[in-house]
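For reference, the chain that follows is the form predicted alone, supplied as structure tokens.
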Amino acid sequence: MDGFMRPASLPRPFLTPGVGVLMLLALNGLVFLAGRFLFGIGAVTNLTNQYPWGIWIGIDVAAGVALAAGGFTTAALGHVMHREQYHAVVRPALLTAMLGYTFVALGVCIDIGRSYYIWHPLVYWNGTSALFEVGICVVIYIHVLYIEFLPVVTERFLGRVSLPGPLARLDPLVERLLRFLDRGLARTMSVFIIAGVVLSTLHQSSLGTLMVIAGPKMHPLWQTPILPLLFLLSAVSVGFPMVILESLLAARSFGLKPEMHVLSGLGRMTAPLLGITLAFKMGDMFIRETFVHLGACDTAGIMFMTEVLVGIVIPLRMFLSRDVLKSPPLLFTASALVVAGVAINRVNNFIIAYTPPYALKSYHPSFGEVSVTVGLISLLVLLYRASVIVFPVISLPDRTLARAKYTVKG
């Protein structure tokens, strides 16, 4: 390593050619999103009474929740298990989870026909509903994530409060508030970290319960009593690869040296997690004898094999290789395959495997649906970039940080 590692805001310009492209994609998505709220959900989507949900649930919500699992897996690793060497990736993972869950909540609000009733589950409780459990856990966990991020905010502005104009008289009050939050959070943060891990475990599995109760509407390749367990295992398995992917992309974007000693360790721990997921998935398939459906060579069979090979088998073999763990491009590829596999799994469960009892035609996402999904992802990336520039999220060696500050001033 090049000096002592500590979190710091990145002295980098926000606007780049890539950022410009992301801004155009986000703007395009926001235009269709405005159309959805002005003219109704049917004006933008191909959703029908037979297919009440599509990629906004399959990708924006179900896949988004799984891919944000890096927040609770790294929190458990760094804070609960006290693996100090992995603290460098805890804050970036926390930021990714916080933004990810925020956009998951937005995705749910967009997909609901009467979005102005999004507050109903908070008032009208139904303790026997799996969807209620998911909703309540997600709402609470979002608040927990923002509370966990507050120390980053206080660290950034503590002793540097300087409000403009007439608001300057409030500087001492804001400073005292920041110090109060900093002291209070330092004493209670362990409670929120443990709560975040528990809440994530609950709602990750309950998403699988939603599809179990779909009964015969689900294809036999995915309809299994242990689907909640498979959802939880896949979310835990994708947590570290998502952190690796985000870290390597951030290093490339900001011109930083990847912390391979940290990322290689995460990759090494990913292999047994993928192995456990594969064992349960294959064991369930052979116990229920659903492998007979693979011989049909239809869309369901092809997508199931793609999910297993791309998302589990190939990256598992790669993570077992020392050469892969030492190579940033190969480690990036292996992590990207796991991320893609989990995304395919959620699409398979919520879209491919689901067949309505009286479907008149198949579902295909509209251009508006794809535009909104791409736009939300682009907006999330833009917010991530802005956050790491403003707040001390990414850990840098002291020498690297000093050179970066000198370059910006020069």
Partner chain sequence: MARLSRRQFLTGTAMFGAELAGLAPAARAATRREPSPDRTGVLVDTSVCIGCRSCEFACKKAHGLETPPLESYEDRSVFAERRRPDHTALTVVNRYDNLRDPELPVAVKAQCMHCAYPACVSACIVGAFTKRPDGAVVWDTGKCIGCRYCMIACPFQVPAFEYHKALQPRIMKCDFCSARRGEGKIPACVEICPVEALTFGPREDLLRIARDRVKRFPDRYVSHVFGEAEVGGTDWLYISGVDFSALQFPQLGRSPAPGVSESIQHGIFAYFVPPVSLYALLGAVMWISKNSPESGEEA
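Residue numbers count along the first chain shown, from 1. Note that the structure is predicted; figures quoted are calculated from it, not measured.
FYI, the form predicted together with its partner chain isn't displayed, but the following is about it.
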Review point. Should residue 363 be counted as a contact of its partner chain in the predicted bound form, where contact means heavy atoms within 4.5 Å?
Key: no
Hey, in the predicted bound form, is residue 133 touching its partner chain, heavy atoms inside 4.5 Å?
yes
So, in the predicted bound form, is residue 265 in contact with its partner chain at a 4.5 angstroms heavy atom limit? no
**Prompt:** Does the 4.5 Å heavy atom contact test between residue 79 and its partner chain in the predicted bound form come out positive?
**Reply:** yes
Margin query: Suppose contact means a heavy atom within 4.5 Å; in the predicted bound form, does that hold for all of 114, 121 and 193 with its partner chain?
Written below: yes
With a 4.5 Å heavy atom cut-off to its partner chain in the predicted bound form, the contacting stretch among 311-319, 193-201, 324-332, 235-243 is 193-201
The one option of 336, 95, 212, 271 with any heavy atom within 4.5 Å of its partner chain in the predicted bound form is 212
The one option of 279, 287, 167, 186 with any heavy atom within 4.5 Å of its partner chain in the predicted bound form is 186
In sequence order, the residues of 217-234 that place a heavy atom within 4.5 Å of its partner chain in the predicted bound form are 217, 225, 228
